[in-house]
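Just one chain is shown here, as structure tokens, and it is the form predicted alone.
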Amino acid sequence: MVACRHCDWLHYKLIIETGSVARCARCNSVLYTRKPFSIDRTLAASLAGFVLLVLSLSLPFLSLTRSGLNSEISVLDAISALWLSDMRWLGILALAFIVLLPLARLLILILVLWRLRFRLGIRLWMCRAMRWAERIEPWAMAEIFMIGVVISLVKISSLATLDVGPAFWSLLGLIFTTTLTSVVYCRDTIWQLLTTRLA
């Protein structure tokens, strides 16, 4: 049996075709899905996101030129500047929400989905890891950081010449791949594989 998350109406869980959606008979909300090639697509998007995240941390993010002086800053430099300017809590939060949580979620998805994709065996820790990946998802806030950056660029553009670096575009690509991961990720398919193969 499966209960509707919105109205609690109980349904018998049926096997649906790939690409289909099961809806509640009472309120028509989605009960469960079966997205095509969910593991392959989610794994590919997670691998791309991991590469883009590493690039966004290692390459220059912004370049500022004023009165003949030029300086470059990376994402980690910005976090370090917050730490050194007595805004340590803000630096810790920025490091957690922009770097550590997205990185942890991507690594969990890659590790678990890689083992599922290549049938390397199911372990109990994989179920626990996937629960953590789903809990982390709302807190990985690279897109909020980008909104703040864009607002800052608008304000600073009148004071100096700004050039966005490759890390800016990498972070933008990371936001796109994170969104793509959420779209192609089929929770029901992956959890069914985890539970049935573990049993």
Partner chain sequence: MAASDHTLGLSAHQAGLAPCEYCGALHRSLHTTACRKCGAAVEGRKRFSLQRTWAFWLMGLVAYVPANLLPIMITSTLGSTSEDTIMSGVIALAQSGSWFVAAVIFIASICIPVTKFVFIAGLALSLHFQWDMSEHTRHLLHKITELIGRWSMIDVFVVAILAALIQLGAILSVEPGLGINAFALSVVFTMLSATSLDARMFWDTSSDGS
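Numbering follows the first chain given and starts at 1. Each form is matched to the other, and the largest set of C-alpha atoms that superpose within 1.5 Å is called the rigid core. Bear in mind the structure is a predicted one, so any value in this text is a computation, not a measurement.
Absent from the display: the form predicted together with the partner chain. The rest refers to it.
Chemist: Look up in the predicted bound form whether C127 has a non-hydrogen atom within 4.5 angstroms of the partner chain, and give yes or no.
Modeler: Yes.
Chemist: Is there a non-hydrogen atom of A25 within 4.5 angstroms of a non-hydrogen atom of the partner chain in the predicted bound form?
Modeler: The answer is yes: A25 has a heavy atom within 4.5 Å of the partner chain.
Chemist: If we define contact as a non-hydrogen atom of the residue within 4.5 angstroms of the partner, is W89 a contact of the partner chain in the predicted bound form?
Modeler: W89 belongs to the contact set for the partner chain.
Chemist: Quick check on S152: any heavy atom within 4.5 Å of the partner chain in the predicted bound form?
Modeler: Judged by the heavy-atom cut-off of 4.5 Å, S152 is in contact with the partner chain in the predicted bound form.
Chemist: Within 4.5 Å of the partner chain in the predicted bound form, counting any non-hydrogen atom, which residues from 51-65 show up?
Modeler: Residues within 4.5 Å: L62, L64.
Chemist: Comparing between the shown form and the other one on the rigid core: C-alpha of R131 shifted by 2 Å or more?
Modeler: No, R131 moves less than 2 Å.
Chemist: Does superposing the core leave I175 with a CA shift of 2 Å or more between the shown form and the other one?
Modeler: Comparing the forms between the shown form and the other one, which are aligned on their rigid core, I175 does not shift its C-alpha by 2 Å or more.
Chemist: Aligning on the core only, does the CA of W191 end up 2 angstroms or more away between the shown form and the other one?
Modeler: No, shifts by less than 2 Å.
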